[in-house]
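Okay, so here's just one chain, in structure tokens, the form predicted alone.
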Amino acid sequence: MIPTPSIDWLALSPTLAPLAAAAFALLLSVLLPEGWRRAVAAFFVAAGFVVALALAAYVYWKSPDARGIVADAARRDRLAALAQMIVAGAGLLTVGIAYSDNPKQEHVGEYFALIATAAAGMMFMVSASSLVTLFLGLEWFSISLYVLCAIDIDLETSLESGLKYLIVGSFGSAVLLFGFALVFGATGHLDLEGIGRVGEGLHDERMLVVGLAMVLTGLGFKASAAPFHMWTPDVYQGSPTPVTAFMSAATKVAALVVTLRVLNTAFPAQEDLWTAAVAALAVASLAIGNLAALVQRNVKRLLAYSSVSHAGFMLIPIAAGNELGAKALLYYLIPYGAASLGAFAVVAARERELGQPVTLDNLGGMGWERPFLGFALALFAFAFIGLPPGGMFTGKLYAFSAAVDADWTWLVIVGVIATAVSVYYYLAIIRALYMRTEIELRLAPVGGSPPRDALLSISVALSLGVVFASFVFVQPLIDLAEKAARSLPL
């Protein structure tokens, strides 16, 4: 008899649910008439995300103690379960945003199936406890996103963004893989805990430190952290807007949670090095993201640089290297993901109304023409700044508190200055919504009523609800984040 590892199917179930949904969406898209494909594919993928969310919540409830699964290649713990819940929620809202996108889409079944497949890869990646499974999850969701970025052949910039993401993403993955090879060569281990044990007793750390630097570089590409953000503005601007929305929320969760796990589990002895490196990445992201956003007129490109800036804010608690920092990051990801999805959903609605890219000029007057969506985008902008009643106010407060506890007060000062700079371009969005200039009056849509999109409006409403709830019901979410953070050796 060949010994086989025992498999914890419950721990794997949040990953398997969207995979099964993707399989059903693909199969039925082949068998059903063309007019039914969109509704059926969207239904099965949305159902898969609902099931994944419920299963991840159950795993979180039933996993007070972390343990390895599938020969310790992955972990069953509350950190992975919470990240899986956020990714599943982001995927569910993305289905609502994407449902009315490009009604002539020939590959609509593949469209929704790839969203589910990408989410499944992210859910698998956040539970990885080995360099092999981590890289497998990374490539799993990355390949799905490469195709999604280029899937809209009617959009001039879609193929360009897909190609750019493929080239730069492949380079980032190669750097990450080379880093893994160096780490394995230095320690002789692929599992994160084994790397951490050997790394504490190494006399010559040079190979391990170079590997650590390359790992940080590769993960920085996926997190859109400067100076590894060069793909973000072009890809966000050129991709179909629902895909951009999903990437802005879910990819951040996967990349940053994995960064948190890898650094604290595999490199505890090198903490002095990686905390300083992550702090430098945070400063670069805050500076480049905010300064570049100041001169943008295209709203998707502006939000892309905003994403780079928020990567900097979320790197601050990682740089703190303490339990409060882990708790702050996990909390921050919830309102940030909801606000990103909601903001890009409103941009998608405006794009479908105008039939052209959304700029600060043709956004003019939307607050009066479409009161709910305009009001929602204004509140998302306030939330991005970090003002009440958005949950990112509390997220930034916790992130700065973690930095102060780690004696990184100067990093808090940089974050406060970056927040002050961001007020300018976020208020530019609000001004455009409610105060038209002469140019905006000329570019305003003429005649007719805006297209109705009930599912998109529901997705925006749910995003608003999460942003508000994360501010009002802080303690329950903080408790969730705190229990998840205990899965790490902090």
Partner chain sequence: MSGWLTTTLVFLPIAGALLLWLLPWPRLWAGSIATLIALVEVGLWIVSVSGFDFQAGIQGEQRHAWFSDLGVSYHVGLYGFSFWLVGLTVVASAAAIAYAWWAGRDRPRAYFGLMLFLVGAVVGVFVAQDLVLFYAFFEAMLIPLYVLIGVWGGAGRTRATLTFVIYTMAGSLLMLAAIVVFGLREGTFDLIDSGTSDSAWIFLGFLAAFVVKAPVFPFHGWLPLAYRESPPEVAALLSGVISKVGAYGLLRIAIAKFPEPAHNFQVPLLVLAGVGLVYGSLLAFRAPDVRGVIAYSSLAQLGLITFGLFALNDQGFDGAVLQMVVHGLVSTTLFLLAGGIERRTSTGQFALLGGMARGRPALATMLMATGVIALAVPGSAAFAGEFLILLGVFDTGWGWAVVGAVAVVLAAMYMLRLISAVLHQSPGSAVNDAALDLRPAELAILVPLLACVLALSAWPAAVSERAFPGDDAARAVEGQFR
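Residue numbers count along the first chain shown, from 1. Quantities reported herein were computed from a predicted structural model and do not represent experimental measurements.
Keep in mind that the form predicted together with the partner chain is missing from the display, and what follows is about it.
Novice: Determine whether any heavy atom of Tyr424 comes within 4.5 Å of a heavy atom of the partner chain in the predicted complex, and answer yes or no.
Specialist: Yes, Tyr424 is a contact residue.
Novice: Find out whether any non-hydrogen atom of Pro388 is located within 4.5 angstroms of the partner chain in the predicted complex, and reply yes or no.
Specialist: Answer yes; at least one heavy atom of Pro388 falls within 4.5 Å of the partner chain in the predicted complex.
Novice: Should Ile430 be classed as touching the partner chain in the predicted complex when contacts are defined as heavy atoms within 4.5 Å?
Specialist: Ile430 belongs to the contact set for the partner chain.
Novice: With the partner left out here, check for me: in the predicted complex, does some heavy atom of Asp405 sit within 4.5 Å of the partner chain?
Specialist: Contact with the partner chain, yes.
Novice: Which of Phe135, Phe184, Phe178, Phe375 has a heavy atom within 4.5 Å of the partner chain in the predicted complex?
Specialist: If I apply the 4.5 Å criterion carefully, the residue I get is Phe375.
Novice: Could you spot which one of Ile167, Ala174, Val416, Ile153 gets a heavy atom to within 4.5 Å of the partner chain in the predicted complex?
Specialist: Flagged contact: Val416.
Novice: Within 4.5 Å, heavy atoms only, one stretch in 145-153, 396-404, 354-362, 301-309 touches the partner chain in the predicted complex. Which?
Specialist: Heavy atoms within 4.5 Å of the partner chain in the predicted complex occur in 396-404.
Novice: Using a 4.5 Å cut-off on heavy atoms, what residues in 303-326 are near the partner chain in the predicted complex?
Specialist: The stretch touches the partner through Leu324 alone.
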